[in-house]
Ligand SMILES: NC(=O)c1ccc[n+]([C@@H]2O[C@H](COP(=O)([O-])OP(=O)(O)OC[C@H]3O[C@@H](n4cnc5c(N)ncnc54)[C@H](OP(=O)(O)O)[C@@H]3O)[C@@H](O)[C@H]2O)c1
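Shown next as structure tokens: one chain only, the form predicted on its own.
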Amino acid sequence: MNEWTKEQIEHMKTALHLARRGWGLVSPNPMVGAVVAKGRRVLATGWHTGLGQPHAETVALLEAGRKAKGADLYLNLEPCHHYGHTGPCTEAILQAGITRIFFGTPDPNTVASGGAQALTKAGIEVKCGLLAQECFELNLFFFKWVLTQRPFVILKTAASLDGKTATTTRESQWITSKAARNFGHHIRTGVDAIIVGRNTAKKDNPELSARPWGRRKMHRQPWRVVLDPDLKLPAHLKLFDPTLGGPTLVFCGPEASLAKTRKLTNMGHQVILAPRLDNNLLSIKWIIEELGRRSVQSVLLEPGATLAASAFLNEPIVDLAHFFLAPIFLGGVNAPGILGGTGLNHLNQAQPAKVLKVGRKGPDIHITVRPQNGFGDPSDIAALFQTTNLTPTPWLALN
């Protein structure tokens, strides 16, 4: 039974490391890194830097030049086989004289896919499935949207050790440390949209912008999305200031004021009518699907208790959740908790989740979970290969 060699694994790890540099820069494209190597020796590397820019393999092959002839190429994603903003990467690979290609996951985008088949037909040895799980997890946003036309949903919330998100007087800034808040901004730099509810927008008056630190650059700010069922939010809030962030989308009920709708529209914002549920709240599931129809691949939900309950319990739409617990106690029966709403009556109705990681951000506890049916588990990796009719190596475990 064959196994990947140590050097092959190391080269793919390098490709993944390079690909991560595209966080927040390449959407709607996936993050891709490339390594050109002969044996253990790395000849050249490359990564995709943004929409319309050369693809990772093209960058690496240009750097390698004539040395690429007879070499191996490592990619976390199947090379493209179409004319888009750039030419087909398969042509660049053939012209460079590459002998073998190793890639982690197939490309499910029917417009760009077919690279593996074309290269195999041209006589190049193609092997897929190297570090498939790591390569899959890198581009969850891209894979979910292409396969389902719905965005990947991340939920982030912060609370005290006793589960309170604010004091009894609704004071909440700041429960967690700067390190935890910086992580939140890191997520913001990589998503296409940020969603809050009306109460959070009114109480905290957030900009809903990504504010990266250090030398981090961004090619655009995420869309700012607010759920305001009756259009009662004042127009002077920061999320309506076009100088502080990306475009603002306001979701409201079908009976919202026409005059207020015109006012927000005249200010340059989009107002979108959304259906209400029996509890009179807007349907978060419908809103997520509508964002998907507008080509939004990823969403960060920063909810209050009511919206969190909708996203977790009423209409489960969360794929990944980050919980930050500060080492403090707030107490108070009337202090808000992470989840509001009416709650569940029986334990057997509880929504299960898988704990993926427990760590620290500064003094705070950081728990990462995937709710049941959240996109990203091994069955989704298997579905990706099945959709593209590509077979990973027989010894690759997908469960």
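Counting begins at 1, following the sequence as shown. Predicted model, so just to flag it, every value in this text is computed and none were measured.
There is another form of this protein, the form predicted in complex with the named molecule, and it is not shown here; the text below is about that form.
Contact with the named molecule in the model of the complex, judged as any non-hydrogen atom within 4.5 angstroms, is confined among 234 to 242, 261 to 269, 144 to 152, 190 to 198 to 190 to 198. Using a 4.5 Å cutoff between non-hydrogen atoms, residue 297 does not count as a contact of the named molecule in the model of the complex. Interface residue remark: residue 106 is not counted as part of the site for the named molecule in the model of the complex, having no heavy atom within 4.5 Å.
Residue contact check for residue 302: one or more of its heavy atoms lie within 4.5 Å of the named molecule in the model of the complex. When the named molecule is considered in the model of the complex, residue 249 lies well away from it, no heavy atom lying within 4.5 Å. Shown without its partner, this chain lists 284, 210, 93, 321 as candidates; in the model of the complex, only 284 has a non-hydrogen atom within 4.5 angstroms of the named molecule. Checking 288, 166, 180, 98 against the named molecule in the model of the complex, a heavy atom within 4.5 Å turns up for just one residue: 166.
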